[in-house]
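There is one chain below, alone, in structure tokens, taken in the form predicted on its own.
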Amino acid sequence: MIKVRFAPSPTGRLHLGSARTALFNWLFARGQGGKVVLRIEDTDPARSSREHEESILEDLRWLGLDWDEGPDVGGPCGPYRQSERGGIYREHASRLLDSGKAYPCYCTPDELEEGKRRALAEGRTPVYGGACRNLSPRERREREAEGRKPALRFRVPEGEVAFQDLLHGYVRFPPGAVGDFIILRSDGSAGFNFSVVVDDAVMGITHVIRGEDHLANTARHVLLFDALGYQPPLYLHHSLLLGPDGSKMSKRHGATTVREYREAGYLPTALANYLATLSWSPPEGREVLALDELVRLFDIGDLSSSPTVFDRARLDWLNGKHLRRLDKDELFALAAEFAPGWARHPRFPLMVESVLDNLTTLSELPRYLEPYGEPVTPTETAAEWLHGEAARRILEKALELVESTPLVSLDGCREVIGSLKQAFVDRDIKAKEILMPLRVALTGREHGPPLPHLLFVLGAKECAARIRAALAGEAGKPARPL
């Protein structure tokens, strides 16, 4: 059975790039009837926190992702936090040490940094020089007598390192490209490469899908799998997420975390839809896809290795499409979260529907609902629609219609607008020239929700008062508190 894992480090909020990796793994596993493991790589105690862990899990769930094994749901291969798996790592490290495939290293951080600096100055790849690789027992005792606590390094075999990647094909690293690397730090904690390999092996991970920035790490991983006697998983390294300038996406490009987009009013279905189509194109030209459709259509064999650029405008377009596909009850519940002040209005659902076609994200909703509130003083340009004899006649007719109509239904309000247009249809006046004076009189704005909706929500009494104020040259003054 296919088994994948997503292994975030709880050192911050969930990055869009990490969410995309999690999504690729999840779609692949769910589409193949496989299992998903969530593993927390919290071996950096200075930067890791349970608060960040909970935030990551919450954002993954918000995206619609779930897992079969993990720190919150348990499973047969726990614990699922690396900070709780030290005994497992030490047992595997002892196997390598006993077989001569690992050795103690007594080099200090300053000595290692000096070796790195010298290699870079000479134009060489800064790999470990092997100072402790062949120390005699006596030399080791001398270093320990100096108070040096050794780390444990993996003894990299001579020769080329190669592995098969499902996207990039056969990947080769020449002899000397991979130096002896630390598997246990001097404090006994496991290094990243070692803990990942041990966990993937004992958890039975069959496929590792991650960013191409891990290609060099994979060279180390296949060596460790071989040294420990485990079968390595199949690897796929997808392209990285880039900003508009072609560099790796970072904060200078704007919002980079799932939480930021969540708080900005993007829908989880839209964000998942967009992230899935970065490096992958759905068949038959389909663009707007729900999560269950993505599971059915997604194929890792169709992933592209080409760089992919995050396009905010494309995400905005998709989010608008998903907003308009929402079930009405779900739409109104979400809208209430982003416009709590407006949600108390008895006609809030109608108001939301009236501006839905204009929305890109839910965070824009309060701005689009503003015309339903108190009118504003018209700008100089907007006030022009209230000047002149034609505008006066239009507003007088509008006042007559409003005062003679209860405005108790949306259809009734549409009839009022129709009657207003019909009254001037033979006077060579365009529809915009008829309706804009009324819009500015009611709201002080040139743009806003459809006029029938404004009439219905404001009511006959309020509409009449605002039209009178406009006729008196006092447009923009509220007739009463709303």
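Residues carry their position along the shown sequence, with the first being 1. These figures come from a predicted structure and were not determined experimentally.
Another form, the form predicted together with glutamic acid (GLU), is not on view; read the next lines as being about it.
None of 81, 210, 207, 397 but one reaches within 4.5 angstroms of glutamic acid (GLU) in the predicted complex through a heavy atom, and that residue is 210. In summary, among the residues 280, 317, 103, 192, the only one with a non-hydrogen atom within 4.5 Å of glutamic acid (GLU) in the predicted complex is 192.
Only one of 344-352, 405-413, 192-200, 121-129 lies within 4.5 Å of glutamic acid (GLU) in the predicted complex by heavy atoms, and it is 192-200.
At the 4.5 Å threshold, heavy atoms of residue 140 stay clear of glutamic acid (GLU) in the predicted complex, well away from it. When contacts are judged by a 4.5 Å heavy atom cut-off, residue 69 does not count as touching glutamic acid (GLU) in the predicted complex. Using a 4.5 angstroms limit between non-hydrogen atoms, residue 85 is distant from glutamic acid (GLU) in the predicted complex.
Contact check for residue 262: every heavy atom lies farther than 4.5 Å from glutamic acid (GLU) in the predicted complex. In sequence order, 5, 7, 8, 9 are the residues of 1-34 having a heavy atom within 4.5 Å of glutamic acid (GLU) in the predicted complex; the partner itself is omitted from this view.
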